[in-house]
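Just one chain follows, in the form predicted alone, and it is written as structure tokens.
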């Protein structure tokens, strides 16, 4: 292994001094930069007593194969002490296709659960009281359709929409930046997101209609600063669109939530979360004039870094996940998903996901980290890293402002190019031996066989048969009427959510609803930039 100064940097390449003391914090005013937990600028956390009052939500991301099989996994996780649900959808669902679409074969149920209709959503949440269990859904381009299905199931259960609690990811901007699971062009997509924000503010006041997501930006290879800056600038873009719609900032801002990655560099990650709260509080109070403290407070979910997991020596992933989860907790996360040791191979097995959940429970109940808010606050190193992270992220935000906003920046390829360059540098460091990945480029050993979850190859056929049977018994004339009405609304300026709900209740399928919107909005093909 090479011995270079590069060893003394964070994962993102930020230089780390040999020692930190008061001289690194010259001019630092704790009352202004920190304040107590629960007070502006919320560097030390958004609640006065943080986890002493309430632990973070343990929300394991889960979904595979059919709704029936995923429903069984949800019941198992709740029995094991999980405190919230998080739905992973398969690729056809993410792209707005039914299981019988020509693009779907080979992908149905493979990376998440297959959901094609309200019937599937009814099965997914069978025996789970949606009025009592918070639900997060990782869905973006067709998010409004899946949310409508969730609301319709809650309606069937007799749950009061005003009491429903959970989160819809619904962050289309990060799809263009990083994950690339988009259907429609950016501006029609932003209209759909704004429709959900407006509908949620009026009808589901406890449900978060958007989870502004840095997670996938980091998974694509960004630095911690890029993850933070691009995520917060996406949030600014959503605020701008909602204000242009005519909403008051304090009407919707308290229900905007965030989703960050928890990567390997322990202190860099904690600094990132603390800087995120500071920046967002200032943006909401000073840029937008929000008056409600609830609008100033950045609430976030964290997930340990999938891109850090290795197929070599997979049990090392248990250790990585524990370190990353501890960083998220010490950084003040409101909810947390811990990855499973086998995710470099497959979707998590029941055994692996139980270990991942137990990791959170050990942190919560045995480690003592929940006893006091922000226990690392005041560390010379951490406070300097927080200040530097904040300054670097604000510089990116100003640059994007100068480009005319995030959509304009995406259309010129700015964030995509920045992430690609960072990803290339990181990979070169690994290949050149400048950065150690245990079990990969140092300390290699033989294979460690593990038991993997196998998705039954009949899943696709079963889901195809189910959707065909649904079309045969539903009122097809009513389904078509609702689809035609949705097209009319999309062609105009009305909020599309009521029309999507009508189509869902008529058992129009996900693919049919997305096709109706494609007929109006068109589809999007990214122009590659090198």
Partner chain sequence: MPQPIRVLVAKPGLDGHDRGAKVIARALRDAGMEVIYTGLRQTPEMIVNAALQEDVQVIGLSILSGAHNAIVPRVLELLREKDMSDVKLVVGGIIPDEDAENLKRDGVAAVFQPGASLDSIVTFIRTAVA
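Everything quoted here is computed from the prediction, not taken from an experiment. Positions refer to the first chain, counted from 1.
Just so you know, the form predicted together with the partner chain exists too; it's not on screen, but the next bit is about it.
Contact with the partner chain in the model of the complex, defined as a heavy atom within 4.5 Å, holds for exactly one of 369, 307, 438, 123, namely 307. Among 375, 221, 185, 81, the residue placing a heavy atom within 4.5 Å of the partner chain in the model of the complex is 221. Using a 4.5 angstroms limit between non-hydrogen atoms, residue 202 is distant from the partner chain in the model of the complex. For residue 311, a non-hydrogen atom is located within 4.5 Å of the partner chain in the model of the complex, even though that partner is not displayed. Proximity of residue 344 to the partner chain in the model of the complex falls within the 4.5 Å heavy atom cutoff.
Within this chain, residue 351 is remote from the site of the partner chain in the model of the complex, having no heavy atom within 4.5 Å. Taken together, 214, 519 and 521 are entirely out of contact with the partner chain in the model of the complex: none brings a heavy atom within 4.5 Å. Picking from 395-403, 155-163, 424-432, 140-148 the stretch near the partner chain in the model of the complex, with a 4.5 Å limit on heavy atoms, gives 424-432. Along 80-113, a non-hydrogen atom within 4.5 Å of the partner chain in the model of the complex is carried by 91, 92, 95, 97, 103, 105, 106, 107, 110, 111, in order along the sequence.
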